[in-house]
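Next up: a single chain in structure tokens, the form predicted on its own.
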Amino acid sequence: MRNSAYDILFDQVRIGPLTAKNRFYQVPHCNGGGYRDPSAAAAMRGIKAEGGWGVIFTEQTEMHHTSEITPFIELRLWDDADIPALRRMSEAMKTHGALAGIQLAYSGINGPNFYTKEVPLAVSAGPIRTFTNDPVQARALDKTDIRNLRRWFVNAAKRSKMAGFDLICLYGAHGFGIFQHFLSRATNQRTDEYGGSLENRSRFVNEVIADMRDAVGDTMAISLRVSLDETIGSLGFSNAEVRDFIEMNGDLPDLWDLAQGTWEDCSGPSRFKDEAAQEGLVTGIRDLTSKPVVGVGRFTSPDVMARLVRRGVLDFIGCARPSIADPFLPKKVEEGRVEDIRECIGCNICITGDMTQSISRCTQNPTFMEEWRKGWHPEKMNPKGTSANVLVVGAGPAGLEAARALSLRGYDVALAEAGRELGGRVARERKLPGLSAWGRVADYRAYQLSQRPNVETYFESRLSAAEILDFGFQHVCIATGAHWRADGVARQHVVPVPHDEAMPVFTPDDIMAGRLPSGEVVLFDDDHYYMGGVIAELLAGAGCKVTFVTTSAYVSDWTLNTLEQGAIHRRLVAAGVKIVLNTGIAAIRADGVATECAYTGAPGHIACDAVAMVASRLSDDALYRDLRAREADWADAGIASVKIIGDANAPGPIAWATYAGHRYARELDMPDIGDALPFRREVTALA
């Protein structure tokens, strides 16, 4: 059934005492659930097992209470009490023949210990390295501490075996794990036998793996995750030194798990990182060891996957984000259904779950982390209810997902789009700098709808309430989107900004429609996500002299959560954009904008020829309001329900829209649950 070119991806591969059924390897990734939502996390991994992954890993698991990373919510294996939750996860992972892996992490210089209140221990003393510059320092491990730490790893390995795992990944990548801290001269300034030469800096990982082999190595495989290049200068663990380390210790682990540099480097969004972006850094390393190698690179194309294996670059195709976007990616390749793969768009909205300590989302896969909470399956819908048909108005991400999911339930669906193409905001935003991959949100759903005989799509169909009442559909779903405000109302201003009409103001909608300002432009960003930075980049590329003004201390502040804030800032500087932080606008004058310090209110002025306003959005809900005003006519028209979803209901990121569309489709014709929670949760048992 599958393309023979992909046969190589389904070879069995040995990992120490184990055999993986294929080369699809879900590398460790966070999900916002961790120790707080273990059943939700377990069900999510179990769905990947059903989807055909050969190896499935947990996220990082804190293996001892002396090193934890509160406020981030990961897994914990501090004592035997944590074993049952982890066993539930390993059992779910192994339901379809996958190998179950656990990533053990000791965070060292990255662990502030806000929960346990323990003094942090690190390879060398220094300030804790976290995302939030916590005012805490770690003390250096002494020889007794190192002996203790070796014992703690052995204890964690034994507990991992008791919890039912097949593999252990020792975390030493992204600057986060103690093994990288020993290996890198940036974090290892020791003068004893654990510091100095590469041989000395390799001593600790050699000792730990030897200890763990003695404890569990007869039945469990041990992998080591290291960064391919720290990219922090001469003191960092460079790609050349990584190669020296692997050549020196080629048979040390049962598998080498190679990730790029920092987390931002390794999991950079598609705007800044192409598929297989790490190929150059990993090529040739396979020749330095007899053990298998797994690498990552937001792989979405089976052609790229097969090429890297055939060339001998990788033995396993490591995926985190692509396994979230489509847990059934391996099975779809195996069954010859590559056109049905929900390709990751690289927006990194999944990572924001970890960064905000919330349940993760996926723009492409609304069922991610809802497998247990709501019983949602990424490939199966609940049966159709008693109704027969639905009218979906608006073919943006919410409307497209609603129509797709409704059709799978068995409803006859009419999709009415006011314009000439599918995608709504995605159709416009995909044309912005770096966002072309985001078009997959529309492309995937457009293709799926084209395969459904129970869906009819109508273009150039801007409907009125009267027309909808005449159609006779039983259910009406309004997904008409939103538009950007030009009046500056957002976070700084709750009423319109004073504006002299002599100064032209452009919104992102204007600019995406091809109406561009010229000359000197002040871009005011009070949205703080990606749009301000993208529009500034576009305008600079069009020849405008752009000054980027924001009330935040960062450009595109919220993209700290998507690991791209630094890259956005660098891109704008390279484009010649002037950046003005901690500054709001007080008024728009005929000759420029009046500014004010976000803290002191100190006034200023920036001369310009035009203003680009990236503030907030207004829901396009007029049609919904018109229908609600005629609710008395619904029964005669045969209408049982009218519901508004997505940006038309409340503007948000694209992932919020696809989730809204999917939820609408799932809940249509379902029993009214009243005031009950619409999802399951786990509540801590009282001691």
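These figures come from a predicted structure and were not determined experimentally. Counting begins at 1, following the sequence as shown.
One more form of this protein exists, namely the form predicted together with a small molecule; it is left out here, but the text below deals with it.
The partner is not drawn, yet in the model of the complex one stretch among 549-557, 567-575, 116-124, 480-488 has residues with heavy atoms inside 4.5 Å of the small molecule: 480-488. This chain appears without its partner; in the model of the complex, the one residue of L228, V393, A92, M369 with a heavy atom within 4.5 Å of the small molecule is V393. With the partner omitted from this view, the residue of L623, C30, I639, A43 that lies near the small molecule in the model of the complex is L623 [heavy atom within 4.5 Å].
Proximity to the small molecule in the model of the complex holds for none of P71, L75 and A105, with the criterion being a heavy atom within 4.5 Å.
In the model of the complex, at least one heavy atom of R428 sits within 4.5 Å of a heavy atom of the small molecule. Though the partner is left out of this view, P397 does reach within 4.5 Å of the small molecule in the model of the complex, counting heavy atoms only. By the criterion of a heavy atom within 4.5 Å, E62 is excluded from the residues contacting the small molecule in the model of the complex. Proximity of R139 to the small molecule in the model of the complex falls outside the 4.5 Å heavy atom cutoff.
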